[in-house]
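Below you'll find only one chain, the form predicted alone, shown as structure tokens.
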Amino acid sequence: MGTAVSIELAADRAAPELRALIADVCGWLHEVDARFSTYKEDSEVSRMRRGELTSTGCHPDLRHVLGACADLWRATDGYFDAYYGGVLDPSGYVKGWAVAEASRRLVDAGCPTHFISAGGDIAARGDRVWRVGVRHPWDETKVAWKLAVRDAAVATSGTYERGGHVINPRTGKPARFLRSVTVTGPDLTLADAYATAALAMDREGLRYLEKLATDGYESAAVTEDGRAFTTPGLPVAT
């Protein structure tokens, strides 16, 4: 997945069992990377890009991702677009989904209280409060907000690391109005997709984020000129 992953398990289990749980999560994330990478020539996504694989012949996980991306394209009025420019790139969905699935595997294995962080996508699960620092978009040694979440997801998209990699489909240009967007809520897959879509919307992204609050997704955003915005229910740590 091209990013660092950290895993914390809060479970009274023997060390070998905990190591086995972490190994399962890591194995799953490597499986996702092998299937969905846009850089590996033999991944299913790369093969589909070259026309060597169709949706009927691919793994069920890839069919699921393609269907979910199509749903998000409709739900975001085309701002979340896994086919922008005619080239398949579901990366904006895959990382959040992969971490959410890893979290589900831990719950199924009897470890409901855990924390997984992968490149700005966080699953903070279980009956305890997790404190999450949202990176300052200009200074990686500082945080812009400290959040306190319980059994929730936190997803951040921004331009401060990879530059203008998110395209506004209306203008055809890299989205630059928002430098950082963080979304919290119950579902990491959706929180991640919503953060990416808001970034792609440029100025309209702020209005979009306000509307998401009615569905239980709170947010924080920083504009390229340094202004900060939050929705009223953002779970800021006290």
Partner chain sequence: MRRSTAAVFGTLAGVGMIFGVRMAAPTQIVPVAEDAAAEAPADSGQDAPADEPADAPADDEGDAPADGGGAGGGLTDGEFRGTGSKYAYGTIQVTITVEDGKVSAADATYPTGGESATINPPAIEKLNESALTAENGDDVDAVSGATLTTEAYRKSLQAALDKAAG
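Positions refer to the first chain, counted from 1. Computed from a predicted model, the values in this text were never measured in an experiment.
One more form of this protein should be noted, the form predicted in complex with the partner chain, which is absent from this view; the next part is about it.
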Open item on the list: Since only the chain is shown here, I'm wondering whether residue 210 would be in contact with the partner chain in the model of the complex (any heavy atom pair within 4.5 Å).
Closed with: yes
Open item on the list: Against the partner chain in the model of the complex, would residue 122 count as a contact residue? Criterion: heavy atoms within 4.5 Å.
Closed with: yes
Task: the partner chain contact in the model of the complex: residue 130, any heavy atom under 4.5 Å - done: yes
TODO: Answer yes if any heavy atom of residue 138 is within 4.5 Å of a heavy atom of the partner chain in the model of the complex; otherwise answer no.
DONE: yes
- [ ] Report the residue, out of 228, 14, 10, 20, that has at least one non-hydrogen atom within 4.5 angstroms of the partner chain in the model of the complex.
- [x] 228
Task: Partner contacts for 84-118, taking the partner chain in the model of the complex and a 4.5 Å heavy atom cut-off - done: 95, 115, 117
